[in-house]
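Below you'll find only one chain, the form predicted on its own, shown as structure tokens.
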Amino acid sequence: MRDPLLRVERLDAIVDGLSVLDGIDLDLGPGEFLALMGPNGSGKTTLLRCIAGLEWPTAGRISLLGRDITRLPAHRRGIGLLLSEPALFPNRSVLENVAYAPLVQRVSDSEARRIATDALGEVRLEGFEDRPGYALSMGERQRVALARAIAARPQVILLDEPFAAIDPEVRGELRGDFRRALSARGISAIHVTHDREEGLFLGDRVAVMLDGRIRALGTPTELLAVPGSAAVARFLGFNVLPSGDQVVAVDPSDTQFVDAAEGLLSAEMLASGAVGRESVGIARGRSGERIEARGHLEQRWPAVGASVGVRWTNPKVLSPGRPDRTDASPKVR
């Protein structure tokens, strides 16, 4: 990667006596779209708030283009922040909402209107200029919020679950439009999500955050090829299974439930049903591990409660020993 635009070094944060961030190291390159994934409570939003200047870390350093911004006020950082709930002015027009950002930067009214109009074009809202904020759908409101963030001409935009409240049928189009608009402007972004599909689809690189630490970092292809640890593999949707003296990660589509005597390990059938265009079966292994298998819609699964064997192909070796159990308890310092 080229010299980073944004660098986070050994960042710690303690909130209400609990360690929320623990030694975070993270780089963001010019024009890069980084997906920051992890379950709820893993520290993703706290990390974004520290980068944005809305919370102070207890240790570590944040730099932008080599300049230390760790204690710089939020409005002087050149970093935009977009949340899951767009904070628009409801009684102002779309154009007035977007022009607000450059006006705060003390450009002329005519220049602010030009910047706002260009930003609205980037997010495909031509013709919406005179609509009031309260008359927009949630997806349209998020587009306006992105246009306003773009109009402020930041070097980095932080996106904190921007599609969480968007209807599924709109979400896919919005993801692509956000990605395209930021790429067209060459704006670097960190996109926080707990949605695996979203993060792997959007990110040039993906960071997986668990319990306040970055546990894996790489391109989507690299992470899926080598998930590394059992905890990361589980988050990415793999089955984590004991195999002799090894632990392996197995994709659910490479997993089968067979007669109990034919399996590599034993399990009890818990549930089955259709998910989208696939059929999913779920079982519990002897050691309590959740095991998922996926097949075609006509797949016939063993009955709930039945003893089954589990077989698989294409395993990815993780580490020796039994599958680990991620300690999700907060650490007190």
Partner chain sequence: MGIAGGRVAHGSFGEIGYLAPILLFVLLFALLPVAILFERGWIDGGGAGMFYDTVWREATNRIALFNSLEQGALSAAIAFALGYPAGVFLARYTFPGRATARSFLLLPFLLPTVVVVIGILDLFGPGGWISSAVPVLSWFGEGVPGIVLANLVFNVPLVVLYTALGCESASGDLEESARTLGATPARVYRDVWAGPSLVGASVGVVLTFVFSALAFASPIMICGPRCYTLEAQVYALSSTFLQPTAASLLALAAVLILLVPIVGYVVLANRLKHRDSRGPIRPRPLSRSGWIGRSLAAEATLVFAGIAAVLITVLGRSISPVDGGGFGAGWSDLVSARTTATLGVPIARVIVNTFGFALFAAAATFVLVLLAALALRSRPRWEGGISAYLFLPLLVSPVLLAFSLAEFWRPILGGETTVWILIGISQAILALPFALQSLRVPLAGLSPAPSEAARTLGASRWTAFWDADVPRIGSGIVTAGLFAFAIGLGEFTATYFLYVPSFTTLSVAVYTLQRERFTDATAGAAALLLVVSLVVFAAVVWAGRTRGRHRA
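Here the structure is a predicted model, which is why all the values come from computation and not from measurement. Numbering follows the first chain given and starts at 1.
Absent from the display: the form predicted together with the partner chain. The rest refers to it.
The three marked residues, Gly80, Arg92 and Ala152, each reach the partner chain in the model of the complex, with a heavy atom inside 4.5 Å. Only one listed stretch (180-188, 94-102, 226-234, 248-256) carries heavy atoms within 4.5 Å of the partner chain in the model of the complex, and that stretch is 94-102. Under a 4.5 angstroms non-hydrogen atom cutoff, the partner chain in the model of the complex has Arg141 among its neighbouring residues. Within 4.5 Å of some heavy atom of the partner chain in the model of the complex lies at least one heavy atom of Gly53.
The closest heavy atom approach of Arg114 to the partner chain in the model of the complex falls outside 4.5 Å.
Taking the partner from elsewhere, Arg49 is found to have a heavy atom lying within 4.5 Å of the partner chain in the model of the complex. Just one of Leu210, Leu125, Leu88, Leu202 comes within 4.5 Å of the partner chain in the model of the complex, counting any heavy atom, and that one is Leu88.
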